[in-house]
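So this first bit is one chain, no partners, the form predicted alone, shown in structure tokens.
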């Protein structure tokens, strides 16, 4: 079967997400761990949703499902008018690469690549080519996180907070429709955290970016347009 990927382009459309009874269970039988219990959630375009909850409550699991990095055990995810397959597929790959930016809690930078190359690799995967303005886009993203002077450094030459900011620059460089952030200020000092929170609000307000994040940071939680709480794999949210 030939799939016309152009059918799934969202570039001209804002992004909304609808989940129906999605859940995630690891293992089976007496060893089953219910990381996320069935939940249905509608995330409208251009909201800033921040999820709180203790460690192990299912926040990261939900973010990985929404970011199409993992497959749900049950349920479905619809992005705009596209039903996302619950199997690895070109449709999932294209949606994730072109429209979703993910700020990982553990950075996931490639140690053998410089900062520039880490971000460039993400851009090239997104567009399946090297853009003529690649350098300009990368410099813009690094300036946004106040790391333009680290462009040629390797990750091991950076502090944990600087690596976090590189991860943020990598996520926002491709100007995603949906930005998912897992503890984006967890490894930052208070001043840098405030700068990143302001940056996220700027992206939300000026670029009309939908943002879904998980955080323990009260400033980030309070500043979001919507809040939710996860506890033992169950979600309460003000949507």
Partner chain sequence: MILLLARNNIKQNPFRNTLTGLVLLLCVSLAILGHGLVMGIDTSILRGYTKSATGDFILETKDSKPLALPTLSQSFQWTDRLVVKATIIEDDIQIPVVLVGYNTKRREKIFSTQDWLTSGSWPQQEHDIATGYQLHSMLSNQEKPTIAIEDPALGLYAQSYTISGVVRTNNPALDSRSIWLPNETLSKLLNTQTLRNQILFKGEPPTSTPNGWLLSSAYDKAESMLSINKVRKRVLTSLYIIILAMAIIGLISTTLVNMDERNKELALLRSLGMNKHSITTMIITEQLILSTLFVVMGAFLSGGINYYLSENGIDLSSQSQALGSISVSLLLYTHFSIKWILLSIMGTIFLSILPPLFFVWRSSSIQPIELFGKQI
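Being a predicted model, the structure only gives us computed values, none of them experimental. Numbering follows the first chain given and starts at 1.
The same protein has a further form, the form predicted together with its partner chain, not shown here; the description that follows concerns it.
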Exercise. Of 82, 146, 73, 105, which one comes within 4.5 Å of its partner chain in the predicted complex, counting heavy atoms only?
Worked result: 105
Problem set entry | Full three-residue contact with its partner chain in the predicted complex, heavy atom 4.5 Å, for 96, 122 and 125 | yes
Problem set entry | Option from 203-211, 167-175, 41-49, 28-36 whose residues, in the predicted complex, bring a heavy atom within 4.5 Å of its partner chain | 167-175
Exercise. Any chance residue 69 has a heavy atom within 4.5 Å of its partner chain in the predicted complex?
Worked result: yes
Exercise. Does any heavy atom of residue 117 come within 4.5 Å of a heavy atom of its partner chain in the predicted complex?
Worked result: yes
Exercise. Taking heavy atoms only, is residue 157 within 4.5 angstroms of its partner chain in the predicted complex?
Worked result: no
Exercise. Is residue 192 close to its partner chain in the predicted complex, meaning a heavy atom pair under 4.5 Å apart or at it?
Worked result: no
